[in-house]
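Let's start with one chain on its own, the form predicted alone, as structure tokens.
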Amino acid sequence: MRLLPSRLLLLGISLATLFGAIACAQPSAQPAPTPTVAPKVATSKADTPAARTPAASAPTARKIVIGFTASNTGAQNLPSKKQTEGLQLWLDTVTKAGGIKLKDGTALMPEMKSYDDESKTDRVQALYTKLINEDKVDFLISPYSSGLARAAAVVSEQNGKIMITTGAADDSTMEQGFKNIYQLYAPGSRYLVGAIDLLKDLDPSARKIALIYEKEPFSTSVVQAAQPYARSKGYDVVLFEGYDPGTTDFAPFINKINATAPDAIMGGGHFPDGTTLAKQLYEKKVSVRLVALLVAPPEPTFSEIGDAAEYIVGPSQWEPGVTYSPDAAKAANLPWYGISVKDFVSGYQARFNSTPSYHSAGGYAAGLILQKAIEDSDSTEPAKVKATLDRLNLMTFYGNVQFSIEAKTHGKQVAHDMVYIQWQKDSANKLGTKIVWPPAAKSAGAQLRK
């Protein structure tokens, strides 16, 4: 049937009336939410803050991932565990504080991704490659020990990743012209310098030093620097000899030591060989006035060898008795950053029920320095963080930190100082450590072996 024009007009009016009624019966549509933007400057009375009540914008949280390997097994297990605990305490502190804050209100919430490197170089290379390419970490921390850190540094540098090395003091690693690797520890070339100075101060009549060392990069670099320094101070280096990693029988070396009759023995390597060497020197009643060994003596568990620990001196990157503070920073004309020595020690003891070693402090400080660089650069962009690290020169609970910006030694630590501890017995015949050098930091005088 064909509709006439008049009827079409009536039908259109009826339909319009019907749809209008339906629309009125439905809830009104809500406008889509829009992103919160910074309020514009008021230009009229109606646009003043009093006239506007925008909802407050919540801070943005963003995850950043920090990757590393740890020696959960293998020869470096003990110091690596301490280093990881220090890093974990830093993570706990940052998380409790609500993250690393950027100026726009963004809170960066760090997470850690790690694997067991089993104290093996080949695993370190494979795992750091995995951390970078598969896990997509933002920043890297080194494994413990110079040999493992060197392997990680090569992978990190090849992939343009920033890595803070801690637990690694080998000079040669930081003399490769790396652009993205930053060393937190004082270099190995300075490890035994203070022990030689201590010997001269403690016993001016001493003339002969025996240097024995583990044949691996860190220990080798330490004694190679100590030998010319000792000679420059008038000492005769009567023995300069290395031993294989994993050595447990030091009788051949002890025989050579006795044959040269030194006044002091210096060197060693890492914790397992250092404790074994100290114990065998004691059992065989080797007669020397001073023994200074690397790595092992500052570790609290060194006391488990009992009387063999007494009189042993060890260089340390940090000790609970150090006096770094905001006042010390002010006196040195340096900015202070981060937690106090007291708060670090008490926080560590509460979290892990043990006394922190310098390995623990190094772990915490690695996170702290990375945090400071991110805050100061107000970014996680590698180029900006790198530029900030190049400019850093500050004091923390760990001491002074500054990196070389010379092309060949870029990232090498140039400001952090060693302290030297000695195991001594108190009036109750209980073993403990005292800071005996340098004079400005010592808590007790050093003692010669009896």
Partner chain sequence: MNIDALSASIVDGLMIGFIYGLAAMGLTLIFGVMRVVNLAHGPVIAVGMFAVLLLAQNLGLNPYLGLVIVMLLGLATGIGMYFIAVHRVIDAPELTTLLATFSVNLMIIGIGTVLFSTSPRALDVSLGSVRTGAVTILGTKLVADLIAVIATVGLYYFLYRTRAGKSVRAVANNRAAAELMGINSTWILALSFGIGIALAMGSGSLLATLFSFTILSGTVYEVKSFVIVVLGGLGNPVGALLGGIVIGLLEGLATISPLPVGWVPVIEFGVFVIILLVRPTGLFGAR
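Positions refer to the first chain, counted from 1. We call the rigid core whatever largest set of C-alpha positions still superposes within 1.5 Å between the two forms. Source: prediction; values computed, not measured.
Beyond what is shown, the protein has a form predicted together with the partner chain; the following relates to that form.
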Given a 4.5 Å cut-off on heavy atoms, tell me which of 237 to 245, 193 to 201, 102 to 110, 343 to 351 is the interface stretch with the partner chain in the predicted complex. 237 to 245
Among F271, F139, Y182, W90, which has at least one heavy atom within 4.5 Å of the partner chain in the predicted complex? F271
Only one of G98, P335, P228, G74 gets a heavy atom within 4.5 Å of the partner chain in the predicted complex. Which one? G74
Spell out, yes or no, whether the shortest heavy atom distance between Q317 and the partner chain in the predicted complex is within 4.5 Å. no
Examine T276 and determine whether its closest non-hydrogen atom to the partner chain in the predicted complex is within 4.5 angstroms. yes
4.5 angstroms heavy atom contact with the partner chain in the predicted complex for S325: no
Contact with the partner chain in the predicted complex for F253, defined as at least one heavy atom pair within 4.5 Å: yes or no? yes
Only counting heavy atoms and a 4.5 Å limit, does any residue of 200 to 218 reach the partner chain in the predicted complex, and if so which ones? K215
Core superposition between the shown form and the other one, C-alpha change of K425 at least 2 Å: yes
Once the core is aligned, please say if the CA of A329 is shifted by at least 2 angstroms between the shown form and the other one. no
